[in-house]
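The chain that follows stands alone, in the form predicted on its own, written as structure tokens.
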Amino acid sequence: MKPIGVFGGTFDPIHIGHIYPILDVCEITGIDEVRYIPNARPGHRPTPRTDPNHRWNMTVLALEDYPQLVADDREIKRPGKSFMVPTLRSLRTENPFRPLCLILGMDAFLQIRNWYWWADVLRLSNIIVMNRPGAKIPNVLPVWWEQALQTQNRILYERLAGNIVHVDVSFIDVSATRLRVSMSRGDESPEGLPESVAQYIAQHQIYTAQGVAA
């Protein structure tokens, strides 16, 4: 069975840098379903000031033209902190025979040992690491990384979990922080923001000078 991709984030706001590299991953690996999972209350960073429901709505709007990218609200609905391992557990319960593939940028992957229950990630899923131009891979890999690293994408179809694959993706120079600042200064449609999301933000006046998320 084809794997399910899993891509989490605050999506505050969601922008093309969250979309185009994932489309690259889909094209390269053949994965045709990626779940976008907005955090309600991130476990490893400050909670965004933007209401989770707004971030959910923006995610739905941004993905409406991409049938292979699916918004998933399980972390929005789940109480408490939004940790990835409980999310992977729930996805595994729903999909016991489909490989799961957690998709991470290299920067996020390098911080994975700071996650709660980080060692369970590879027990529950494979990991696809998105390599962008300039991303640095350690010269000496930790044993767990080296043992799980694979060179063939087909492994993602053959094993439910436990493997790491690197995929080269496009570099998109867009920052959610820069977008928030730009919109707080009156730019209603900054470059890099899907038009439907820009319209939603303007309608609800989400990023005002008094309410820009840090």
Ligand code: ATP
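Nothing here was measured: the structure is a model prediction, and the numbers come from that model. One-based numbering along the sequence shown.
The same protein also exists as the form predicted together with this ligand; that form is not shown, yet it is the one meant from here on.
*this ligand isn't shown here, but in the predicted complex which of R159, R45, R49, R185 has a heavy atom within 4.5 Å of it?*
Contact residue from the list: R45.
*in the predicted complex, which of the listed residues (Q147, N53, S189, S175) lies with a heavy atom within 4.5 Å of this ligand?*
It is S175.
*From the candidate stretches 61 to 69, 160 to 168, 26 to 34, 175 to 183, select the single one in contact with this ligand in the predicted complex, where contact means a heavy atom within 4.5 Å.*
Single hit among the candidates: 175 to 183.
*For V85, is any heavy atom within 4.5 Å of this ligand in the predicted complex, or not?*
Although this ligand is absent here, V85 would stay clear of it in the predicted complex, with no heavy atoms inside 4.5 Å.
*Does F7 make contact with this ligand in the predicted complex, using a 4.5 Å heavy atom cut-off?*
F7: contacts this ligand in the predicted complex.
*Give a yes or no for M130: in the predicted complex, does one of its heavy atoms lie within 4.5 Å of a heavy atom belonging to this ligand?*
M130: yes, in contact with this ligand in the predicted complex.
*Any of the heavy atoms of I112 lying within 4.5 Å of this ligand in the predicted complex?*
Flag for I112 set to no.
*For 18 to 44: residues with a non-hydrogen atom within 4.5 angstroms of this ligand in the predicted complex?*
Going through 18 to 44 in order - heavy atoms within 4.5 Å of this ligand in the predicted complex - the hits are H18, P21.
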